[in-house]
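As a starting point, one isolated chain is supplied in structure tokens, in the form predicted on its own.
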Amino acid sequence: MNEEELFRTARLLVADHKGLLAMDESNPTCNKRFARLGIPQTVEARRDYRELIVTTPGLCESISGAILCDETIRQKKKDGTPFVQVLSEAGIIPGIKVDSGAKDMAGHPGEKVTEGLDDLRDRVREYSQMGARFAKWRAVITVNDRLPSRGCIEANAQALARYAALCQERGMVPMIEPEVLMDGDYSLERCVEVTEEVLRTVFNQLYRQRVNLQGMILKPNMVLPGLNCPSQEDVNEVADATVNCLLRAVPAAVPGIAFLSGGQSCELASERLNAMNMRFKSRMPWELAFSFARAIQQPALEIWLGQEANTMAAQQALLHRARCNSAARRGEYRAAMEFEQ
């Protein structure tokens, strides 16, 4: 492992007020989104949509890296150019999702554990040879009046740490994604409690597995009340709760934190990220960025609808959302930007 190159890649992923575009949806998830909009659920349609994304002019001005899935990293433009090459030549770092999904956890009804460690060393080697420079592994944590269990938190933290160690062995930056799911009626205070416990456990396991924190990126949830909670705190309250939780749980050695959007609306995800950077910029030891999927892609997908004639308009919508989130990183996002496309 070349430590300096590892650290450099991690820093580049959160540099210059940029963020990451998560385009690593599994094929079943992508097909569901297509089906809701009447888009054919085929390999060709998925390839066409991903080509639309990777060829968006100017995307590199706001996006530092793109997370791909196994199908996408093997795909090419219609002219035969691999997507990885297209991204690299545009100045966007290619990444890859390497977990095999969250599965029901034995002995823990209602909870999941993420699998995919068994052949991970070989897969990381292959993806690295294909041009991926960072990877992602997602764990999901369910919250209710009795969950999460300690066993679930520890099992997922151990898997995240073992994955991270295998990535760094190959010189690939691991993105650590422990997601506290938004589903439920729990309060903001309960989310603070669970998120902090999860993050402390994850970092304890990262230390045990000798993962170098300077060569990783954290991809957590924002601290939010459950979607069905009757009390929904405002943007500034969410910003305060989130950053204070992170300051207590995330070591300063970590170069960057790139939030997942987790089902938030495009505008609200940008507003919350903006508030955090406005209110805490001088106090944060790490860069506070974004790693959004639907919160960047959804408007473009709704415009494209599988029609080539809509490609340019869809790309403009994608670029607009990326620019809004880059502005939020600077603490300069404002609602009026939504009408300035």
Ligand code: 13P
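Everything quoted here is computed from the prediction, not taken from an experiment. Each residue number is its position in the shown sequence, starting from 1.
From this point on, the text means the form predicted in complex with this ligand, which you will not see here.
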property: 4.5 Å heavy atom contact, Ala22 to this ligand in the predicted complex; result: yes
property: Contact flag, Gly262 vs this ligand in the predicted complex, heavy atom cut 4.5 Å; result: yes
property: Close approach of Arg138 to this ligand in the predicted complex, 4.5 Å, heavy atom; result: yes
property: Touches this ligand in the predicted complex: Ala293 (any heavy atom, 4.5 Å); result: yes
property: Heavy atom within 4.5 Å of this ligand in the predicted complex - residue from Arg190, Arg133, Lys219, Lys112; result: Lys219
property: Partner-proximal stretch of 270 to 278, 307 to 315, 285 to 293, 34 to 42 relative to this ligand in the predicted complex, 4.5 angstroms, heavy atom; result: 285 to 293
